[in-house]
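Below are two forms of the same protein chain, given as structure tokens: structure 1, then structure 2.
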Structure 1
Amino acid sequence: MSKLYDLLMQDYRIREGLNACINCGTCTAICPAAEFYRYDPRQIVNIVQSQDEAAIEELLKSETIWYCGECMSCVTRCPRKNAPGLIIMALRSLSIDLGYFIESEKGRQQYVLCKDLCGNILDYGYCVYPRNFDSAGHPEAGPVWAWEEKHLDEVFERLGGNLDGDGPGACRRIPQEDLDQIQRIFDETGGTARLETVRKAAEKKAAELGLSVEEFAEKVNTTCSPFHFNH
């Protein structure tokens, strides 16, 4: 029996998402990621189902588990009620917990995602906080966002928002007592531990590459090797 498979089976998402895959490939046919990346969810589910220790370890260290966009289109179409998207989420969680994520270019991106998204949650109570959404980092947001960024308070006021204000409303300041509760939830449920795991692995990798942590973050945020793509 595979130890890694046993670890995966502790994840409720695998227990909900893996019944008996018949390898029909419908998930791959509907998958937006499979059209863009060299990605085949059918094969991933098959590897997990095989319980092959070496193959699962290779998967956990691979690029391929990071290609999914978690749109869950596969869930609708699987004729056996599997959920490849949930299986991917369980694989990614285990890859992070074991530190394997740092082995792949796409996996290393978790450092930037954890820093940005969880930083926003713990500091402001939101996954996305408009003052941290800078137009320099988001040129696709266009000149209208560059304008809005420059006049953020005035635009929120114009539209009836409550940016950083007291009481309810769009983008209100969330009271500190509530942010403290979210911090305690992170501490109690493994959220804080995951952030620490990712941070330590990233710092170690940055040192191996001779980069500062800031340089490492910039590199993982912008590096995209051509071998990922289908075309």
Structure 2
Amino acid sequence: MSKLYDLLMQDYRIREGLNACINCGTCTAICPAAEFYRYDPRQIVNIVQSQDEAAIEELLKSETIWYCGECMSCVTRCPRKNAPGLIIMALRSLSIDLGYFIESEKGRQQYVLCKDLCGNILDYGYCVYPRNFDSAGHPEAGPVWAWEEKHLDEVFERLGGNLDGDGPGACRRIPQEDLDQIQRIFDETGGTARLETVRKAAEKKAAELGLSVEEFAEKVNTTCSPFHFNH
């Protein structure tokens, strides 16, 4: 297998986002995620530039690369126009391809994101499909959503939506031929293969932990250890 740095350099996001970083730390100073998480984009860029194989592997298996919100505040302030956010994207992609993502608590959340968000896109044409957004699984949505969940059709009708209906309107039913086209896009761009990689890694990890896939998904979706945060 090629060295990890060589694999990273095959990703255009590294070539676009890494332009002779001078390690000034401006990206960390402006980064919203760095305010809350134990996260330092300056250090991540430094590790990538070092080409240290062991350090890059540790990074790919770490929690660190999953803290970035990809807001790109970093590139707006960098004096060299580096984009640590793009570097993070490349690191995340390689981490998934190599199965390293499953070693971290935050990385494992990719399973739920792929299963739910991508599942909704492929099945319904929406990232968030109202009938699948249950209040029990998302207590952060509060009591208002718990009520709306029980009155979805009434709410959409009152708001002028078209939930699961034909024709125009919010949350209208997406024709099957369009969903088939979305599936072909996933197939051609590697999205389907990526989803399969995440699924297999999650199933293997669930078995190692003595959990069913459903139990693993619930654990991943509800666990957030305090060590992630600065305070």
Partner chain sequence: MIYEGKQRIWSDYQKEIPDDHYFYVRSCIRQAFFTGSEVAFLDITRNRLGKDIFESEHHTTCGGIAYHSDTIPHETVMTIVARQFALMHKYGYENYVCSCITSFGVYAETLETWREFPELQAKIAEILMKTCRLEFAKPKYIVHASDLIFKFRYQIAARAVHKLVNVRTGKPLKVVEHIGCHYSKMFPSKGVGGAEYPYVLAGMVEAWGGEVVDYPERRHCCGFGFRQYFVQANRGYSLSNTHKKFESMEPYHPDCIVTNCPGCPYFLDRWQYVIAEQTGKTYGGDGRGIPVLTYEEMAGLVMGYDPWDLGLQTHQTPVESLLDKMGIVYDEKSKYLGKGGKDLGQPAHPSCLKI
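No experiment lies behind these values; they were computed from the predicted model shown. Just so we're on the same page, residue numbers count up from 1 along structure 1's sequence. Think of the rigid core as the biggest set of C-alphas that the two forms share within 1.5 Å after superposition.
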Return 1 or 2 according to which structure is the form predicted on its own.
2
Post core alignment: Lys81 C-alpha displaced by 2 Å or more between structure 1 and structure 2
no
Verify the C-alpha shift of Pro139 between structure 1 and structure 2: is it 2 Å or more after superposing the core?
yes
